[in-house]
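Two separate entries follow, structure 1 and structure 2, each one form of the same protein chain as structure tokens.
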Structure 1
Amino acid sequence: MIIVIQCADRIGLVAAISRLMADKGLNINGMQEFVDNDEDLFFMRLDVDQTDGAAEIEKDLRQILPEGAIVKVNPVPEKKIVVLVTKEYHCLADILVRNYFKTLGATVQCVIGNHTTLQDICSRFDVPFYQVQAGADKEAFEEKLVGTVNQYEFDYLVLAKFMRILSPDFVLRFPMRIINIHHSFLPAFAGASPYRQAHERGVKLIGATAHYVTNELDEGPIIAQQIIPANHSHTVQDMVKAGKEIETAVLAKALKLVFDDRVFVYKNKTVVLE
């Protein structure tokens, strides 16, 4: 069972929580905690060897924690996701392979694309695929998208190179439940052909960022980032290949952190307890 806690900080919290776990006969397999002294906030993730009694544990925790504490007791850690795609396969392929071998930490409920390019690979992995075409009427497109998404129970929407900008109304339907991946050349090399722009500029680092989606385009709370070196010998094609590899790796890392309940969001940033 995973227990996550976010609350105002005060002296003795770790001791009080540990004492409660001991009083309930729960062995703590792992504990990570962090205090943001500037915000006076306390964050904790507990892994305990218990699979039932979640409601009672949550109730008891709230009695010893500061008022307004956010407590989540999750006896079944595996999540459910819906994946949104366009034409690029690299992130989706990695998700489907992990899903097939049950190493994703979540179950892919379906894949939705605004093109049919990736339908075949979904069929090969026996994952439902739906096409929702994006026309000139963005509102109509998003209503169809929401209708398709809501056919399934899910915890998160994963934008696996979904090349459409979602409206604020869409994002507000799923607050802090949409995860995106993109190259880290922003804002310098935005728009079309970012790797060509980066090559022409002679950049020395290639990176990727995974983050929660908010109304501010590509500025939501960051979950994971990574960079790799580049040099003068890299062609545009080399940089594109390296970019796809790092995007795949960073999204995989971010999803694992989220699915393991290691990511806490406050203001516009995250605490990640690894």
Structure 2
Amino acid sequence: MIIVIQCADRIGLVAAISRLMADKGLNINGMQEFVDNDEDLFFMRLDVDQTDGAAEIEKDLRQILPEGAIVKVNPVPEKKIVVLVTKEYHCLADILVRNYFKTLGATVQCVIGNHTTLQDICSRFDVPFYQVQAGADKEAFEEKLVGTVNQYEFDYLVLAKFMRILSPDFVLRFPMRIINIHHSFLPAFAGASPYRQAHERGVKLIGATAHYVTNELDEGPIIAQQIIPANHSHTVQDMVKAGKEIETAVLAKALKLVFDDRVFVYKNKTVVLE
């Protein structure tokens, strides 16, 4: 059973929480906590040997925690996701493979593409695929998108190289539930064609960033980032190719962290309790 807590900090919180666990005879397999002293915020993730009684544990926890605490006991152990794609396969295929072998920590409900390029790979894995074409009318496009995703229950929308910018209206419907992979080490090279920008600037490393989507383009809370070395001999196409490998790796890592309930969001930042 996983327990996550986010609340105002005060002296004795760890003692009180771990005392409660001990009183209930719960063995703690793992406990990570973090205090942001600037913001006086307390974050904790507990992994305890227990499978039932979630409601009671949550009630008891609330009694010892400050007003306004966010407490989740036994959050959905198997997340549900909808994946949005365009034409590039690398992130999607990685997700489909892990989904198929039950190592994703989530179930892919369906995949939506604005092209049909990736329809076949989905059907090979028996995952429903829907085409929603992106035309000139963005509002109509997003309406269809919302209609399609809402046919499914899901915890997160994963933008696995979905090369369209979503409107604030769309984003607001799913706050902190949309996860994107951007192909640069943000905040460098936000926006379009980051590898072209990187090539022009002559950087000696290229990267990828997985982040929650907010209204500000490529400005949402960062979950995971990684880089690889680059040099003058890399063309833009070489960077694109090399970048795909880390985009895949970074998105996989970020999803794993999110699905394991290790990521806490506040102030446009994340606390990742590993």
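Rigid core: the largest C-alpha set superposing within 1.5 Å between the two forms. Residue positions are counted from 1 along structure 1's sequence. Nothing here was measured: the structure is a model prediction, and the numbers come from that model.
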{"query": "Label of the structure corresponding to the form predicted on its own", "finding": "1"}
{"query": "Rigid core superposed: Asp238 CA moves 2 Å or more between structures 1 and 2", "finding": "yes"}
